[in-house]
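This document starts with two versions of one protein chain, written out as structure tokens and named structure 1 and structure 2.
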Structure 1
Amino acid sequence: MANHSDLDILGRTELFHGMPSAMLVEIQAAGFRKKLASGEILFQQGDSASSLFVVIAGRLRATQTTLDGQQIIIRYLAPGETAGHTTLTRGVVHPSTVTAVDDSHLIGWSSDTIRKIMEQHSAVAMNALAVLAARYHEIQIRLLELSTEKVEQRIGHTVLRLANQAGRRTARGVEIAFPLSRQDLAEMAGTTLHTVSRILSRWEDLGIVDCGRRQVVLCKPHALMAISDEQA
């Protein structure tokens, strides 16, 4: 039965949505399952890119590290999303490390397999193009933010994005549905944990957010949007 529900989910992923179920069966049969406990690594920056994965359940984080050990968070991956698209290009290595931040369940395909699937089913290839284009667009926006905005606005946009992607409505407001430290936010917004802490404290005084240890709840999204879109 696990198989059956996997199929349902597979049909709703960004990569395979819209595919007839016969094909999904075939696709699933060609892949392999992978389970990761929170904290385990799916693949590492510099590993040769040999498999492409789709997240079935859980949550993962893609990071990039400099030679001297500084890290940035590229993005968080939710169920339905794709990890390791570098695999689609021959002979390259993963540019980022992907780590589970929650117990996670994925399905993977070897480079050859996924390429064969795409060659036979152009709809999958077209989906992949759309996925990559969306990611590209996303990161382009972050580049723009990082280049033109002040820290407070950047942190604001980061929180708003996370609330959108991984928000859970609660009595207090929209809660970001996974543990998120000040350091994590800093690595996404391109700043330090100190600055994040200070700014979050200020917002807390204004009643805009409500945060705890590795937790952020967004109480007044509109107020935060106002701050984030404010022109210098």
Structure 2
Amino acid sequence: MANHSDLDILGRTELFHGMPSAMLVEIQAAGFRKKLASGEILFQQGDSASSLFVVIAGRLRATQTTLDGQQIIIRYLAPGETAGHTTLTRGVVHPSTVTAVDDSHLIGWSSDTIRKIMEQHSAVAMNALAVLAARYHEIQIRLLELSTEKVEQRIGHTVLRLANQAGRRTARGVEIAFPLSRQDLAEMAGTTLHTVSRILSRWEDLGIVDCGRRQVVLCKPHALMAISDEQA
């Protein structure tokens, strides 16, 4: 049963979608399984880029540390998404640290194996280009936000992005379906913990969000969209 589930997820991933079932069986057989406990590191920034992984269950967080020691959250990775993209471009080291947010189950391939798969299956190579283009687009958007937006807009766009990527509807609103602290939001939005706390408290007073310990529920998405898209 688990094997069929893994194949179903592989067939829906950004890297392997559109592949015939027989090819997915072959691709899975060429890989290896990896399990991470919550808080366990998959690889660290600067480690040799020797493997690519697909998340089967759980969730991962990718972070980068700047030269002055500041940590920045790049993105969260959900089931079906890939970690270790630098192997797709023959990169030598991983540019970020990837850590399990929840207990997670992954399938991985060595860099040599994943390149061989791309050489044998052009559809996988085309999917890989699409994945890299999407990540590049995300980084461009975030750089634009950091350069041109007020801090409240950046925090708003960060919450909206996370709700879109990992939101589940509840009676209270759209709950971001993994533990998320105010420090996490600060690292994603390029601001301070104090600023995030102040703005979230004001949004709570307005009924826009409902925040508990490491939990964020978006109660009024349209109100937050209006704040985030407000012209400076």
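In this text, rigid core is short for the largest set of C-alphas that superpose within 1.5 Å between two forms. Structure 1's sequence is the ruler for residue numbers, which start at 1. Remember, it's a predicted structure, so these values are computed and weren't measured experimentally.
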Which of the two shown corresponds to the form predicted together with a further copy of the same chain? 1
When the two forms are laid on each other by their rigid core, does R90 show a Cα shift of 2 Å or more between structures 1 and 2? yes
